[in-house]
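Taking the form predicted on its own, here's one chain by itself in structure tokens.
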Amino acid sequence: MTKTKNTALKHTGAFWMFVLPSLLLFTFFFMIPLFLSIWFSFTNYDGWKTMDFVGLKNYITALTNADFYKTLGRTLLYTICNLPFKVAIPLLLATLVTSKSLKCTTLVRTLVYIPVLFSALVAGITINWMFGQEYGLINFLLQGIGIQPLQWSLNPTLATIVISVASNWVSAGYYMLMYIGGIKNISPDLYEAASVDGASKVQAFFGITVPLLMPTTFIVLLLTTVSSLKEYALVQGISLGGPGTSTTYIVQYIYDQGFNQYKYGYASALGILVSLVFIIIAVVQFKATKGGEI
């Protein structure tokens, strides 16, 4: 009995040794900031000396602020427009690199995944070089076919397109790996049976691959939605939210209110409200897709 008890204690101790580092990091970098943010949202904290309790004033101000709704609407529009590409591009890439007819599969996978390893600064510099007005690669190619150079950073629509291209470029490899794992779990017998029945590769893709990847697609959809809603570093590296406020999304807006306007209490309230919006969107996605059930 004593030996069994000692074994159980050893297993418990080993469990906490593995869990404790992650638990401490989670507590210090998530739970404590979360509780502090909730507390600050009920104060007029300015980041220095002032921190008086103001109740729901910050929330009322946010919910009656037209700029907040404009920025949130801009962020939601950006996210909605990006979602099809965030899902379709990695899925098509995963299908391509798992195809038996593709040569140099490892090299292709590596080249697609490399942008995931880039920092937002490196990705921003690369994209700025590609879409530069005077010496950019894209404008050089456009001039080569007789099209006038485009003012990418001065046109709100074009600036948004540049950010979307950059976002899809740096994230496609990560989600491609998720889809590769899902495709590897599909039995080859299903494709052989479809081939015997006369189904083409396109029909097999839409009839077998896409439906059986629904659980993976749900995860990708959820992750890409959250990442698009909180797009920040890439935007800062490319456009700084310009021209004007055309690429200023909700995280930039919260950052500006907190660190530039010194309204930490108000920014905390904005953060809580936006978090609630994120949760609502996640719940709606879960209900709409039934959690990715096949």
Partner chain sequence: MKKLIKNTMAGVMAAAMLTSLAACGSSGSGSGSASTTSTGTAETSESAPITGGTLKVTLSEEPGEGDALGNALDTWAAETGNTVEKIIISHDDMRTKFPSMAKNKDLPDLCATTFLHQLYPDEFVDMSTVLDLSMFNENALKLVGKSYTSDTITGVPEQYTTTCIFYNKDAFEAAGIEAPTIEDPWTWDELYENAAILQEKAGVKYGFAADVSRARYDILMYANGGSIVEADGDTFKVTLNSPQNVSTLERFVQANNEVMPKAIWAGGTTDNPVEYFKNGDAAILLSGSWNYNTFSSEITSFDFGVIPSPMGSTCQSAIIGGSALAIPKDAENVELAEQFIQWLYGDDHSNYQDYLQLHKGLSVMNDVSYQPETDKAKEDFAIMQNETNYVTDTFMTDEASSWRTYKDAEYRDALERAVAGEVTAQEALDTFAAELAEASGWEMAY
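Keep in mind it's a predicted model, so treat the numbers as computed, not measured. Numbering follows the first chain given and starts at 1. Definition used throughout: the rigid core is the maximal C-alpha set that superposes within 1.5 Å between two forms.
This protein has a second form, the form predicted together with its partner chain, left out of what is shown; the following refers to that one.
- None of the heavy atoms of L20 is located within 4.5 Å of its partner chain in the model of the complex.
- Heavy atoms of Q133 reach within 4.5 Å of its partner chain in the model of the complex, making it an interface residue.
- Although the partner is absent from this view, S239 contacts its partner chain in the model of the complex, with a non-hydrogen atom inside 4.5 angstroms.
- Its partner chain in the model of the complex is approached by N128, whose closest heavy atom lies within 4.5 angstroms of it.
- The listed set L154, L92, C104, L141 contains one residue whose heavy atoms approach its partner chain in the model of the complex to within 4.5 Å, identified as L154.
- Scanning 210 to 230 for heavy atoms within 4.5 Å of its partner chain in the model of the complex gives L223, V226, K230 in sequence order.
- Shown in the overlay between this form and the one not shown, fitted on the rigid core, is a CA shift at A282 smaller than 2 Å.
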